[in-house]
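Let's start with one chain on its own, the form predicted on its own, as structure tokens.
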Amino acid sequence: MIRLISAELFKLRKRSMTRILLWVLLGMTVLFYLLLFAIVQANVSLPNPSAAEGMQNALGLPNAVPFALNVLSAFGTVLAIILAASAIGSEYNWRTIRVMLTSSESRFKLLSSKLISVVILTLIGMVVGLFGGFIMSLITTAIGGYAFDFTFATDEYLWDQFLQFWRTFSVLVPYMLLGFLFAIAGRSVMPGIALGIGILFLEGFFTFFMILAGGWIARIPDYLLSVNVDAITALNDLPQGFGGGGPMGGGFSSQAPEISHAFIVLAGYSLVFIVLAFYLFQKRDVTG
């Protein structure tokens, strides 16, 4: 099993797709900080005064980690879907899946090694993105004339950010597994990417209309992904008026679900996606 994981990590590291995704993540982080800094420096008038103050505060060091995690939860989800779908879907596209199955001990171990490799690289990408966000915060602090004050970095602060890191990872997992599942079901990279990202985008819109409908229909989103993702990412300690949000920033529900409810729902979806992915991979014939 260790040998298979090492081989999958080696393949994913060598693929240009993995490097591109990492550079896109860093690029989006840098772009967000630069745009935010440009808005603050231009003194753009915003309808909500607290939003303007929140943007300025987000550039400071105390909010470097929370803001970077917020960016990761928003755009890292899309990149995680692409990485997961390409990890298994590429084997079908390149017609190497049969060769891999004949050279591995079992389908279960092969698929497990791919999934574990994706999880490891996703965590590494999050750490790199977090580091990039902190470096950008140092830069904006320097050129913006903010104080280099690290007294905020108490044990409690560091522990909160450690927990928020894993909360952010937990909201990526269901969508990552969704892309993984659809790539297996469609025997290609594109179904995994298209359907995974499509659900990520469209669910927020359907959630909005369900809540507008009222009654029992308005309670359905509490058992979907986006509202529960928003409930978890809202724990990120961003400045007032700046706000957090899930991958698509659903945030339409007038009353967010309990945190325990949100974790249970996301864990339930993740378990279902994993079981379906392994079932399809075990039972169906492969092409290639």
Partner chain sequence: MTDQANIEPQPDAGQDDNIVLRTIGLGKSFGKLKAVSDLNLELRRGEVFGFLGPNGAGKSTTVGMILGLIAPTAGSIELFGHKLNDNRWAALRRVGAIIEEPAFYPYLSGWDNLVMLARAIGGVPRAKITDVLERVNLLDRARDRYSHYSMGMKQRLGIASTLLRDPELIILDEPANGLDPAGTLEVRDLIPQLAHENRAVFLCSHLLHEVELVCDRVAIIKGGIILTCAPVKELLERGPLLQIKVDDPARVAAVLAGLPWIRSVKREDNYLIVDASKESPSRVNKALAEHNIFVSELVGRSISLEGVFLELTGGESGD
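All figures in this text were calculated on a predicted structure; none of them were measured in a lab. Numbering follows the first chain given and starts at 1.
Heads up, the form predicted together with its partner chain isn't pictured, but that's what we're talking about next.
Exactly one of the stretches 181 to 189, 107 to 115, 129 to 137, 210 to 218 approaches its partner chain in the predicted bound form with heavy atoms within 4.5 Å, and it is 107 to 115. The shortest heavy atom separation between E91 and its partner chain in the predicted bound form is within 4.5 Å. Its partner chain in the predicted bound form is approached by L101, whose closest heavy atom lies within 4.5 angstroms of it. Remark: F10 counts among the residues lining its partner chain in the predicted bound form, judged by a heavy atom distance of 4.5 Å or less. The closest heavy atom approach of T96 to its partner chain in the predicted bound form falls within 4.5 Å.
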